[in-house]
Every structure is written in C-alpha cells, then in structure tokens.
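Encoded as structure tokens, the following chain is the form predicted alone, with no partner shown.
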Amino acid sequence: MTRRLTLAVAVALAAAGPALSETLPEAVQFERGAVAASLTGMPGDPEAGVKVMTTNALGNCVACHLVSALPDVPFPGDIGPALDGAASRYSEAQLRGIIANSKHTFEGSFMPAFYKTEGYIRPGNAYTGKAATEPLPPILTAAQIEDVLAFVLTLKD
C-alpha cells in the first residue's frame, strides 16, 4: 500500500511539474522589453503555436499579422508587421517579451498584452456600472506563449 501511495504521489508531482515551474504574469521580468527566461521552463511546441496563432478564441495573431509560412490562413491581417523573418530580426528573449506584452518594447502598441493580469483600464463603470472587479486571467497561458514563440522562432529570412 505504501509503495502504491508513493508511486501515486510521484506521478502526481511529475504531472504537476510544468505547472509548478510556470512563471506567473506578475512575476515576469522584462529587461528593455525582453524576457530571457522561459515562462514554463520548457521549450514550446511550434505546431501548438500555429493553433494558438490561427484560432480566434486564442491568440488569433493572423488577424493582424501576415505569416507567409501559413498560406492557408484566410484573410491575414496587415495592420501589424508581417512576421516573416521575425526570428532573424529579434532574439528569442525579445520575441518572448513582445508576445507576452509588446507594450514593454513598443510603447503605444495596439497589440494585446497576452500575458498580464493587472493594470487594465476598466471603463465599464462609466458605461454600465458593471465593470468586473475580480482579477482578469491572462489571454494566453505561459505554455501558449512558449508555443507561439517556438513557431515564431522558425520564421527566419
């Protein structure tokens, strides 16, 4: 019985490992817009990154950015810069920072801060009196940020 319990605890801890090492949004360290450390402690999955980038309910990066490596995306956006060659122009740390919260790199950017939970302007009270008061979750998880990063790192000139 003790051996089974020990084994069950070991399996549970191994499964929780990535979640335990995840950097929370408020703990992310930006240095001139760059984030050197992985948010999960593990590399992301480029294929999962494509899903995040092309799914409306997730990152939907292609709504604003052209990505020539994704030719089947209907109606790619052009209000943000094309992501072609992004990995040749920026370091991994710079790209991680831009994906997490581009406002640390590009002041006034209209790109959403995908990995933050505080500092939002909540105008709802002025209009409806029903602005949310509870903390807002980040738009993307740490793993999704790393997945998008893994794909963007493949976009070299």
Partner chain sequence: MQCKSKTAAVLAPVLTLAALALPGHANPVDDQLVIEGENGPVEIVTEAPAPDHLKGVLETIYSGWRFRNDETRALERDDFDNPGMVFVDRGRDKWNAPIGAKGESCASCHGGPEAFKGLRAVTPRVDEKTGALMTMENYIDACLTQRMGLESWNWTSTDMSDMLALISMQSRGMAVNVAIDGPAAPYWEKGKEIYYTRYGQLEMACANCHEQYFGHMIRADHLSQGQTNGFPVYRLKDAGLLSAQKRFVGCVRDTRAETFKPNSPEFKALELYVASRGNGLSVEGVSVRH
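For clarity, every value in this text was computed on a predicted model and none was experimentally measured. Numbering follows the first chain given and starts at 1.
Another form, the form predicted in complex with the partner chain, is not on view; read the next lines as being about it.
For the chain shown alone, Pro138 is a contact residue for the partner chain in the model of the complex, at least one non-hydrogen atom being within 4.5 angstroms.
Residue contact with the partner chain in the model of the complex: Ala36 places no heavy atom within 4.5 Å of it.
Among heavy atoms of Val73, some come within 4.5 Å of the partner chain in the model of the complex. Contact check for Glu47: no non-hydrogen atom falls within 4.5 Å of the partner chain in the model of the complex.
In the model of the complex, Phe30, Arg32 are the residues of 30-44 with at least one heavy atom within 4.5 Å of the partner chain, listed from first to last.
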